[in-house]
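Heads up, the chain below is alone and in the form predicted alone; it's given as structure tokens.
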């Protein structure tokens, strides 16, 4: 894996999880000072769709899903690209690192101003 992309949920002292993290917990306003690495976990597809009208630099069609991770009995949801359109609601997926989720040459921003890597979700066979 290259890049510095992390895929972590954040937890407050009251046990609430969120993704992405926030300075304060969205549920109780406590600081979120614990992280949970999601890269080696699997998740369940809650819903998914395909976008055919994507922003510049984003693949077309772009398959996107909301997935739910079970972290020690607590759930946390994330949204991200799928590696395929061959998924159904309830399928198990895992995060897969991608060097570029978007084409850095297609945007209007300076390349160095953003991170281009991240995670897609791949079905677990």
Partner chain sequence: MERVAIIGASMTQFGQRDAWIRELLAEAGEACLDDAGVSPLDLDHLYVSNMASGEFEGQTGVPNALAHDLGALPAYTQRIDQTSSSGGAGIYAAWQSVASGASDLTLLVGGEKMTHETTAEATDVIASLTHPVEYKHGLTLPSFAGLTARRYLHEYDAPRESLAKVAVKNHRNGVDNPHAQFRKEVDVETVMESPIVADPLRLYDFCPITDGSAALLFCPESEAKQYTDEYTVVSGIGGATDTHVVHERDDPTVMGAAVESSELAYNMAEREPEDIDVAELHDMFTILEFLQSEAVGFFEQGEGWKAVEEGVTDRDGDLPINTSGGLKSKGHPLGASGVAQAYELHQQLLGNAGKRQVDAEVALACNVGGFGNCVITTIMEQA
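Predicted model only: the values in this text are computed from it and were never measured. We call the rigid core the largest set of C-alpha positions that still match within 1.5 Å between the two forms. Residue numbers count along the first chain shown, from 1.
Another form, the form predicted in complex with its partner chain, is not on view; read the next lines as being about it.
Chemist: How about residue 48 - does it come within 4.5 Å of its partner chain in the model of the complex, if we only consider non-hydrogen atoms?
Modeler: Residue 48: yes, in contact with its partner chain in the model of the complex.
Chemist: Taking its partner chain as it sits in the model of the complex, is residue 65 near enough to touch it, meaning that at least one heavy atom pair lies within 4.5 angstroms?
Modeler: So residue 65 counts as contacting its partner chain.
Chemist: Is there any non-hydrogen atom of residue 54 lying within 4.5 Å of its partner chain in the model of the complex?
Modeler: Yes, contact at 4.5 Å.
Chemist: Spell out, yes or no, whether the shortest heavy atom distance between residue 94 and its partner chain in the model of the complex is within 4.5 Å.
Modeler: Residue 94: no contact with its partner chain in the model of the complex.
Chemist: Pick out the residues of 10-26 whose heavy atoms come within 4.5 Å of its partner chain in the model of the complex.
Modeler: Going through 10-26 in order - heavy atoms within 4.5 Å of its partner chain in the model of the complex - the hits are 18, 19, 20, 22, 26.
Chemist: Aligning on the core only, does the CA of residue 114 end up 2 angstroms or more away between this form and the one not shown?
Modeler: Yes, because once the rigid core is superposed, the C-alpha of residue 114 moves 2 Å or more between this form and the one not shown.
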